[in-house]
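Only one chain comes next, encoded as structure tokens, the form predicted alone.
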């Protein structure tokens, strides 16, 4: 997937803002080296860097990295795939927010092994990703509207695991899971077009079979179904986020 970094920054700040406390869960210490896997535009990497001089961000998307480097020119930001990180036992801790669910289920073990391999023995991981049932209402509205328009929805691009599924992935990679929690986080979306913007940013693959001249009508249908599902409340769109938060240690 190619990201629109400008749209991400202007309309989707909730991605890093809602999970800012994950930095406290990680608890980076002075002198530690910390790897932020899927750093995006670098905001949480910068918060980690306030606590330790050894913060390094990695992301596979060049537009996101360009945004991060422009905003935080002193912050190391490396282009790398989470499934094939170019590090071996170099970091005291790894951090990841809203990135690991973009790795297909079949590749999740490779990413877990790669992250574990980047950690020193005893190094820790604090991560948050979409969990089982994440944005089920939004996705259901998109898929129903696409079908109503006479098309088959495009592929779902995410892996939203249960606690048990993801704990098993991490444990097989040599990471001992210390904490794992699945929880609801209803998330307000910015503006009257918040739902349409969300779909454009994150759910483009679901709409891929819809011709450009039919998109607006399909998105009207998405909004109609999302309203019926209770995703428009008190004058704003609310995405039905469910997050999976894990803390693990390299054995």
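Values in this document were obtained by computation on a predicted structure and should not be read as measured data. Numbering follows the first chain given and starts at 1.
Keep in mind the form predicted in complex with a small molecule is missing from the figure; the text below concerns it.
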Quiz item: Non-hydrogen atoms within 4.5 angstroms of the small molecule in the predicted bound form: do 98, 101 and 160 all have one?
Solution: yes
Quiz item: With the cut-off set at 4.5 Å between non-hydrogen atoms, does residue 232 touch the small molecule in the predicted bound form?
Solution: no
Quiz item: Could you tell me if residue 134 has a non-hydrogen atom within 4.5 Å of the small molecule in the predicted bound form?
Solution: yes
Quiz prompt | the small molecule contact at residue 153 in the predicted bound form, heavy atom, 4.5 Å | solution = no
Practice problem: Tell me, please, which stretch of 25 to 33, 39 to 47, 198 to 206, 64 to 72 lies within 4.5 angstroms of the small molecule in the predicted bound form when heavy atoms are compared? | Solution: 198 to 206
